[in-house]
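We begin with a single chain expressed as C-alpha cells, specifically the form predicted on its own.
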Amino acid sequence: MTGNPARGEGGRVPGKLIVVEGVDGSGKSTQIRLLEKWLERLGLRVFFTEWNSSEAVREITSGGKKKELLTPTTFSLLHATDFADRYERKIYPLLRANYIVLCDRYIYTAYARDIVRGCQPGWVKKVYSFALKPDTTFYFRVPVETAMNRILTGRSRLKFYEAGMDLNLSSDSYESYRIFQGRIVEQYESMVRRERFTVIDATQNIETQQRLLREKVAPMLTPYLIKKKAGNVEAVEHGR
C-alpha cells in the first residue's frame, strides 16, 4: 500500500483509529483492553490489534531473536513487514468499514525503538509513510524505574533484545534494560507535541486513567451512537 489516504474527500475513512503508546510496564495494554470492553458494552463495532502480532512474519522474527542475529535494520524491516501486513489486511479495511480500531502500539513504537537502535529517523518515517494518522494517540508517561519494577516483578530474566543487549549498553542485562528504556522514553517525549499525543499520567490508579481515556474518546462516538439509535428505531418500526 502506498500513499497516505487523507481523512477527507476521495480517501476518507469513516472509522476511528485510537492508539496507545508507552514503554513496557506503562499500563497501556490494560487501559486499551478496558476501553475495548467499554466500547463493546455500548454495542459498537470494535477491532483490537497489537504490535508484532502478524502470523506472516512471527516465525521469522522469533527465529532471528533466538539466534541473536538481527541487525537494527533487519529488526526494523521485520516489524515494518508485520505492521504492513496487519494494516493492509485488517486496520485499513476495517477503518473503511467504519469500525473503531484500537492499536496497542502503532508507528510511534517503531519511531522510538528503531531510532534508539541507530536507524535514521527520516528513513524510519518513510518506511511507515503509508499509515494513517490516528484520531487520537494516548501516551502513557511513567518513570523508567516504576515501569521496570512492574515488568521485573516475578521475572527471572530479560530477553536479549528486550533488554537492548544488542546495543552494548551494559554487560548487565538489567542495567542495559534501564538505559534502553530510558532512551525510548526520550524519543517518546520528543514526539509528544509534534505528534499531538494525549499524555496520561500512568502513575495514577487504573480507574482514573480509564476515566480520562473515556472522556477523550466519548466525543468521537456521537456519530456511531446516533446511527445505532436510528437503527434501533427502524427495527422497532418494522417489528424486527
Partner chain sequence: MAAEMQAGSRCMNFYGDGIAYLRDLPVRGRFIVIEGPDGSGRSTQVEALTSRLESDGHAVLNTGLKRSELVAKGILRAKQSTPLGNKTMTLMYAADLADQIEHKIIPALEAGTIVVADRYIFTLMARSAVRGLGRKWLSSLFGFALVPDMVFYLDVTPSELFYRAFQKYSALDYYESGADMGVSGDLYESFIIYQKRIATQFRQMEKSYSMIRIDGNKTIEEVGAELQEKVGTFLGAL
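Positions refer to the first chain, counted from 1. Note that this is a predicted model, so its numbers are computed, not measured.
What comes next is about the form predicted in complex with the partner chain, which is not displayed.
By the criterion of a heavy atom within 4.5 Å, E59 is counted among the residues contacting the partner chain in the predicted bound form. Interface membership of E145, defined by any non-hydrogen atom within 4.5 Å of the partner chain in the predicted bound form, is ruled out. None of the heavy atoms of T136 is located within 4.5 Å of the partner chain in the predicted bound form.
Of the heavy atoms in R89, some are within 4.5 Å of the partner chain in the predicted bound form. Shown without its partner, this chain lists L94, A80, M165, L132 as candidates; in the predicted bound form, only A80 has a non-hydrogen atom within 4.5 angstroms of the partner chain. Note on contacts: among L213, L70, L34, V46, the single residue with a heavy atom within 4.5 Å of the partner chain in the predicted bound form is L70. Only one segment in the set 97 to 105, 165 to 173, 136 to 144, 112 to 120 has residues whose heavy atoms sit within 4.5 Å of the partner chain in the predicted bound form; it is 112 to 120.
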